[in-house]
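Starting off, we have a lone chain in the form predicted alone, written out as C-alpha cells.
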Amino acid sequence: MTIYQKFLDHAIATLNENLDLSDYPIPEGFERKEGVTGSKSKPQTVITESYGSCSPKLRQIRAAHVNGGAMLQVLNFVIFPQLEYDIPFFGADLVTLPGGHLIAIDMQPLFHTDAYKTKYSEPLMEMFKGYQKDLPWGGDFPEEAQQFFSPAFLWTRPAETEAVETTVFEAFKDYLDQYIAFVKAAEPVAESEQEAIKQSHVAYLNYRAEKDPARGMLTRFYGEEWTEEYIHGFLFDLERKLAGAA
C-alpha cells in the first residue's frame, strides 16, 4: 500500500458516511493509467488511478493518486462545490519524493472579504495553529498563487515519513471533518451572487489547469496528449461542463 492510500480511503469512507454521494463520470482512459520511467536497467512502473464522486452540494469530488514506488508518490484530492453555494474548495496536495515530502492542505476561499474569512477561515485557525508547531511553514510559494489560499493554509515539508503517516494524516482528517461540517450547514446563495461564485471557480480552475505542477511529471510518464486531456477533461473540467450546458 502506498503512503497516501489510507488518506484516500479515509476521505472516501468519511464522505460516504456523511453525504449523499453518487458517481462522478471519469472519462474513458483516465480511471487507471500505467507507464514506465527510469533507466532501461532499472525501469519503474508508475500507475495513476482516479476517483470521482459528487453530491447535491458538491459538483465534483476527485482524486488523482500516483504510485511510482520509492521514486514518487502523490495524492491530489480536491472538492469543488456546486455553483449555488459559497463553500470554499477543499484541496490536498500530498507529494513524496526521494528527498522528502511536500504537503499542502487548505480550504481555498472563493472571496477574501472580512465576512468570508469570518465564516470560513476563522473556525479553522485554532486547529491550524495547533498543527503549526509540528508542521512548520514550508517556505515561499508563488506570489500569483497566494490569492487562492486561506489564512489556514497548511503548507509544510516534513523530513520524516512518520510525520506524514501520523501528524499530516490527523490534519487531513481534521480539515476534512470541518469541511464536511461547512457543507452540511451550507444554504444556496441568492441568484444575484451566483455569477461572482462562478467567476471565482473559473479563475481558480484556469489557474490550476495552466500552472498544474503535475503537468511535467504526467507528460513524462504518459505523453502530452493524454496529460492535457486529463487536466482539462477531468481534473479541472468546469469550463467544458459550462460550455456543454450552454
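Numbers for residues come from their place in the sequence shown, where the first is 1. As the structure is a computational prediction, the values presented were derived from the model and not from experiment.
One more form of this protein should be noted, the form predicted in complex with 15,16-dihydrobiliverdin (DBV), which is absent from this view; the next part is about it.
Contact check at 4.5 Å (heavy atoms) against 15,16-dihydrobiliverdin (DBV) in the predicted complex: all three of L97, F148 and F236 pass. Of the residues P43, G69, P213, P56, just one reaches 15,16-dihydrobiliverdin (DBV) in the predicted complex with a heavy atom at 4.5 Å or closer; this is P213.
Proximity to 15,16-dihydrobiliverdin (DBV) in the predicted complex, taken as a non-hydrogen atom within 4.5 angstroms, holds for one residue of L205, I197, I61, M217, which is M217. Listed stretches are 29-37, 176-184, 205-213, 189-197; the contact stretch with 15,16-dihydrobiliverdin (DBV) in the predicted complex is 205-213, by a heavy atom cutoff of 4.5 Å. Contact between P142 and 15,16-dihydrobiliverdin (DBV) in the predicted complex is found at the 4.5 Å heavy atom cutoff.
Within 4.5 Å of some heavy atom of 15,16-dihydrobiliverdin (DBV) in the predicted complex lies at least one heavy atom of D93.
Using a 4.5 angstroms limit between non-hydrogen atoms, W155 touches 15,16-dihydrobiliverdin (DBV) in the predicted complex.
Interface residue remark: L102 is counted as part of the site for 15,16-dihydrobiliverdin (DBV) in the predicted complex, having a heavy atom within 4.5 Å. Of the residues in 107-135, only Q108 comes within 4.5 Å of 15,16-dihydrobiliverdin (DBV) in the predicted complex through at least one heavy atom.
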